[in-house]
Structures are given as structure tokens and as C-alpha cells.
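Next comes just one chain, in C-alpha cells: the form predicted on its own.
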């Protein structure tokens, strides 16, 4: 699904601002590898009130991502005690590097090319299979932490008064400089209801 279908931003009187917000949201979700977690996003922002409303649906029942799902693995050249990780996607590089550093130490990991990571290990014959099955993503708690991080990056600066709901099915977030009004919560629930009404049967 394209971003202009997945992410829709309504900003009364601010068409350019809406476009900017859509790009910001898309970039943040991509940076935090949340693209496969979030199904649809609807945002309402009115800086004159001021209020920012974010509602999103989460994909349900997402399977864990193993390294083999987005990379090819092989041992290094003869005489080298290496595992070569050739990446087909770059979305999980930060999480992957964290796990590799933790298991092998930073000094044994080389990432000089964007799509190639070299792991130095004396047990390379066994490690190539272990690495292939390594779970890179995701635990529910980790996903929730990243969603909260995304919200903090997306909401306008200074909107420190917040109201939110986060379930396995959806995220609802209202932020403002002022006390949260009931009418804003009602608008958020209406936006959420519209999204839920449009959920596909296989979501």
C-alpha cells in the first residue's frame, strides 16, 4: 500500500502542512521499522485550536522476523573464520547490529557496505545456521516501545498534554498545549471507528 493510501493527514487550511506531516510520519515509521506493524494512519491537526490527533490500526498476528527472512548467509572465503550476511532489505539493520554486537562483540562485526555485514567468529560453521534462525523482530513489548517513540517524534513540539489508548488492534493519541477537550477525544473515536469500519477481513 502506498503512503498516500496508508497515511492520510487532515489539516484544515494547511494543505502544505498536511503533506509535510505525511512525509514526517512516513519517515518516522520507516526509521523505526514500523511499516509492517501499522496498517493505516489517520491524523487530524489544527494548530489554531491547538490539537493533534493520531489514530492507527495495527496488523494483528504478525509473525516474528528471522534473519533468513531478509538476508542470505554464507561462510567467508577459505581460511577466513567469517559469516557473511548479505541483506536483501535494510529495514532491520539497527536491530540486527544490536543483536550481533551483543552476541559477538563490536570488534568482530564489520559493516562497511550497506548490504553486507561480516561476522568474525571461530565457530563460523555452526554460527551460520544459528544466525539464520536469529529472531530480529519482534516482541510485543518492543513494538509498543517503538510506537511510543514514534508518537514522541511525530507530535508537534510543545504539545505536552496527552491522552492515549494503545491496544493490540489500534493506537489513539491526542496531544495539545492545552487541557485535552472531550470533543477532541470524541473526534479521535470517530476517526478510529471509521478506520475499524474499513478493516479488511484478513487484517
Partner chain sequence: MLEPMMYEGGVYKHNLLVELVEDLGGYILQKNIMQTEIVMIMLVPMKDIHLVEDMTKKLLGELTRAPLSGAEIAVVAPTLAYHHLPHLDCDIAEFLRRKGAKTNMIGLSRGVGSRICQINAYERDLINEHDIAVYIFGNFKHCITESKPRLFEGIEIPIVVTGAPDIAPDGVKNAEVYVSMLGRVAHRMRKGDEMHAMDRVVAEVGKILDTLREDIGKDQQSVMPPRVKKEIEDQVPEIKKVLSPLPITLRLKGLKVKLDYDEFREKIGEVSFVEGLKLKDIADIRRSNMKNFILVDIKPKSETGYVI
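All values reported here derive from a predicted model rather than from experimental measurement. Numbering follows the first chain given and starts at 1.
Separately, the form predicted in complex with its partner chain exists; it is not shown, and the next lines address it.
- The partner is absent here, but in the model of the complex a heavy atom of 45, alone among 38, 55, 45, 33, sits within 4.5 Å of its partner chain.
- Among the residues 154, 143, 166, 134, the one placing a heavy atom within 4.5 Å of its partner chain in the model of the complex is 154.
- When contacts are judged by a 4.5 Å heavy atom cut-off, residue 191 does not count as touching its partner chain in the model of the complex.
- Contact between residue 21 and its partner chain in the model of the complex is found at the 4.5 Å heavy atom cutoff.
- When its partner chain is considered in the model of the complex, residue 11 lines it closely, a heavy atom lying within 4.5 Å.
- At the 4.5 Å threshold, heavy atoms of residue 59 stay clear of its partner chain in the model of the complex, well away from it.
- Contacts between 176-197 and its partner chain, taken as any heavy atom within 4.5 Å in the model of the complex, involve 177, 178.
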